[in-house]
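Starting off, we have a lone chain in the form predicted on its own, written out as structure tokens.
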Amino acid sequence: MEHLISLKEWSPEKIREVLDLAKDVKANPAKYQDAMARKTLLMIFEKPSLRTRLSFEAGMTQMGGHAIYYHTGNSPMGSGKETISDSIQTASRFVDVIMARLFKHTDLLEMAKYATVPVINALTDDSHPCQILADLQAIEEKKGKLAGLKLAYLGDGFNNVTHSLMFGGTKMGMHVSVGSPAGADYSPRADVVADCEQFSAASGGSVFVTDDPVEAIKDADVVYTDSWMSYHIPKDQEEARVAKFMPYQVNSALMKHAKPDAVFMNCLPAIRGCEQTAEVIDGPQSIVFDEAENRLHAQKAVILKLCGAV
């Protein structure tokens, strides 16, 4: 049984297969309109989302299948009245593929352990692989390649999107540069950096972490940022985090250090005036909505691959 838990476990070849399929799915949707006919996707949501639900549900509908939205807040699994293992073994008898958007990565690992159908990570506190597949698709569309490009991430380096970008980028031969405040609470995890150094050695890419935002973004082909309030940050910490991250805000002055044709990305939702300014995210270099659209196509490709429908 094959799952998508993290891009750390996926080979560059597997990522390439999915990106190539996503490209074809986007260009030729009618070709796949019956690929998931009479198949059902269970969408387990502990953490809500706009893009995740809409893209997965629309994707299954467009491929002739059906999606069930299941929120854990009012379920036996969420209330603790039924174990994850019992819930997932039961669900596996009813559906063909399971997608889960959860707080704890360990819960997703438990789901994958007991599921007898493919499990897709739609976000945990550790990883967000579907977002990064969509990101890589968008970058390749705009730049014509991935290998050799410099991707600069600015802001909160200690989060699921940053770590997943590092995995995906270095596996595909990109030069990933992270600019974030120093310290374990803000910088990428040391084990992630070490893994990405190994992936880079094999792919010809590189990984670089610095607390200097100008050094991080210099000559970048792609500039990426994400919310400073990453993953369940308490309200009373927000003011201090804004002050800490403000030097890493992607604004017009900082963008001038990237290449003139650099593209700007944010996985959304975005707060204008925090992680980026309005003139950047709403400006001509921004591809945030192309990036968001590709969640649909990339996730279709993941479903098709994991379910053996292609």
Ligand code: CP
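Numbers for residues come from their place in the sequence shown, where the first is 1. On a predicted model such as this, the values are computed, not experimentally measured, just so you know.
Separately, the form predicted in complex with phosphoric acid mono(formamide)ester (CP) exists; it is not shown, and the next lines address it.
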Contact residue in the predicted complex, chosen from Lys150, His163, Arg101, Lys171 - any heavy atom within 4.5 Å of phosphoric acid mono(formamide)ester (CP): Arg101
Listed residue that, although phosphoric acid mono(formamide)ester (CP) is not shown, lies within 4.5 Å of it in the predicted complex (heavy atoms), from Leu50, Ala30, Ala27, Ala243: Leu50
Which of 264-272, 281-289, 245-253, 34-42 lines the interface with phosphoric acid mono(formamide)ester (CP) in the predicted complex (heavy atom within 4.5 Å): 264-272
Phosphoric acid mono(formamide)ester (CP) in the predicted complex reached by all of His128, Gln131 and Arg295, non-hydrogen atom within 4.5 Å: yes
